Structures are given as C-alpha cells and as structure tokens.
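First, one chain by itself: the form predicted on its own, in structure tokens.
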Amino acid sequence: MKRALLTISLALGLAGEVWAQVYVVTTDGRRMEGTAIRARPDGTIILTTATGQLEFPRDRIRQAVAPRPPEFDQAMRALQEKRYDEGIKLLRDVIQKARFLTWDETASKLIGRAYVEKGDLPSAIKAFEDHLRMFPQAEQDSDWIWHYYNALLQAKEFAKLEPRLNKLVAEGARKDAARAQIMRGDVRLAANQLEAAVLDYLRAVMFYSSEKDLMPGAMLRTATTLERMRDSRAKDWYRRIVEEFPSAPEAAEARQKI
C-alpha cells in the first residue's frame, strides 16, 4: 500500500502543471478556463474568467477542476510516513474544501485504502462504501473497486462480496470476470469449502486462459488447495506453473513443491 500511495502521489505530482489549471468542462464537451473556481453546496459551479463570472448548474457540468489543495500533498506525505490518522484527516479536509471540484473524488478514493494499510478493516469498508454513495460511478472504476472487494474478503464480509462477484462473473468485462471467478474461490477457501474453491479456480483457468497475468495465481491456488485436500494432482499443477509461467513469482513457490 505504501508503494501504491507513493505511486499515486508521484503521478499526480507529475501532472501538477495540468491539474493546477482552473477550468470547467460542460456536458456538451466545451472547456472554459478561468482564474478562480468555487462550488455552492448544491453543486453549482462559479467560474471566474477574465470577462467576469460564469455559473454552471450541476447537471450541465462534466468536470470542474480547481488547483490541487495543499492538504492533498500533506496527506500523501503523512500516509507515506505511516501517519495514517493525520493523512486520513487531511484527505477528509480536501473532500470538504474541494467538494464538486475533482479533488474531493481523488481524496475520497484513497481513504479506504489508507484504512486498509492501517489495519482497520471496518473503517476501510465504511470509507469505500461512503465513496460509492458520493460517487456512484466508482462502481465502474476497475482500478479502485477491487480494493473494496479485497477489503470485504479480508474482513470476511461475504454476504456483501458474493453477490458482486456473481454479477461480475455473469456480466463483467472479461478481466473483471476472471478476477471475480478467482476471488469467489478465495471466498470458498476462507469458508473451508475446499472442493468448491478448487472448482472456482479451475473455471478461472479453463474459461479465462487468455488473461495470462491472472493464470499463475489461479493455478497456484488450485495446486495449494488440492494439496490441502491431499489430492495427488496438486503436483501436476505445480509443474504446470513452472512449465508455463517460469518467470512468474508463483513459479518460485511451485518449484519448492515439485
């Protein structure tokens, strides 16, 4: 997590010259730049330009961007130094000060992940769900949503997690469906349902073999679960990992089992 947060911070820092501009993008694709921007509590955006102020109702705006708040950089430094409570408080300050101005969403995305790194799963799950309520479009953000699912898995919140995984398996994009199939096996494994877990992992390998980056993990899960079941086919799966994905991190573990 520390590395992930650092990566985000650096990426945003590199983009700082662009993000520091003040502008509004309307729903019809027009972009208008200004010198200052603020939002009313109802989401109306006030953009100050060289010729005066422009007002945009919330339903006419695709994006409204303010300069990066200094509290955001302070939050990133705090999180990188594992001062989690301070970092989370600063992120919440950003949400309040930059509501409707892009940085509220950026800050909100990080709070759940910060709580996970801190080891506070109940607060992490609440933060993820608060983000979804504020920004329902996050449901389609694959880079973010899996952090929520992983927190649910770690917290054994299976009643919340399983319906989402089932929906992804049935309707999701191929990569998300493959990840959901594997995680569904993880849920079964956590419940000590070993045979059901193996079946889910096998389905992932059989139906989503084109998702090469996910296959070593799915195959290793298959092998280790079969080994727990004292099934002799475990060694065959360890061999497959070494033969098919010799440079994958999972192959190092598999070699020790052959």
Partner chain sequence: MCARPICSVVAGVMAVLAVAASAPAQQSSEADREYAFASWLVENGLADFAERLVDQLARRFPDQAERGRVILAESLIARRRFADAEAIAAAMPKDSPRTQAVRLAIAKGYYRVGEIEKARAIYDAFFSQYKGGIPTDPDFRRFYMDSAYQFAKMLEAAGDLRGAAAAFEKVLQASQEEADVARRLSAELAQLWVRAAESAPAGAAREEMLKKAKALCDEIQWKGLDLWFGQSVITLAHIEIVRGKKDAAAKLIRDYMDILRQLDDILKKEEIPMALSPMAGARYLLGEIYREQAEAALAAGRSDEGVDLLVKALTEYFNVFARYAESEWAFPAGERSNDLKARLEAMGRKVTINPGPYMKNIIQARFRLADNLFMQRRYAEAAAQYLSILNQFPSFEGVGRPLTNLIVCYAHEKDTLAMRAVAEHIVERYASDADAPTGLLAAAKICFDRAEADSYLYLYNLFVDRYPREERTPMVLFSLSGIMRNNGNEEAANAYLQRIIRDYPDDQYYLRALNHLAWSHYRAQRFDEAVKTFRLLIEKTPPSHDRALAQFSLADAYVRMNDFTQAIRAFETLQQWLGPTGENPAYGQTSAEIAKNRELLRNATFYLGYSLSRLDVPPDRQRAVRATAVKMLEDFVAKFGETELAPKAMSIIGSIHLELGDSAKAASTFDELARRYPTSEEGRSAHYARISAAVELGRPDTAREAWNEVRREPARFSLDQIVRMGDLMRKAGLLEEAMQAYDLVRGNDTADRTQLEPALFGLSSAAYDAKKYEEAVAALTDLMRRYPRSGLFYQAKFMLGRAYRELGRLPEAVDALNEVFRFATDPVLINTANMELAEIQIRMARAFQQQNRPAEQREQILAALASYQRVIISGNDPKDPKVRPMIEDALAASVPLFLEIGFFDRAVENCETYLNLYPDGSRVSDFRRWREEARLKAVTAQP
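Residue numbers count along the first chain shown, from 1. In this text the structure is predicted, and so the values were computed from the model without any measurement.
Here the subject shifts to the form predicted together with the partner chain, a form of this protein not shown in this document.
Contact residue in the predicted bound form, from Arg31, Arg233, Arg60, Lys212 (heavy atom within 4.5 Å of the partner chain): So the residue touching the partner chain in the predicted bound form, by this definition, is Arg233.
Would you check, heavy atoms only and a 4.5 Å threshold, whether Trp237 touches the partner chain in the predicted bound form? Yes, Trp237 sits close enough to the partner chain in the predicted bound form that at least one of its heavy atoms falls within 4.5 Å.
Verify the contact flag for Leu54: yes if a non-hydrogen atom of it lies within 4.5 Å of a non-hydrogen atom of the partner chain in the predicted bound form, no if not. No, Leu54 sits far enough from the partner chain in the predicted bound form that none of its heavy atoms falls within 4.5 Å.
Might Arg203 be said to contact the partner chain in the predicted bound form, defining contact as any heavy atom within 4.5 Å? The answer is yes: Arg203 has a heavy atom within 4.5 Å of the partner chain.
Look up in the predicted bound form whether Thr48 has a non-hydrogen atom within 4.5 angstroms of the partner chain, and give yes or no. Residue-level check for Thr48: no, no contact with the partner chain.
Please name which of the stretches 40-48, 60-68, 23-31, 187-195 has residues with heavy atoms lying within 4.5 Å of the partner chain in the predicted bound form. Flagged stretch: 187-195.
Does any residue in 148-181 get within 4.5 Å of the partner chain in the predicted bound form, counting heavy atoms only, and if so which ones? The stretch does not touch the partner at all.
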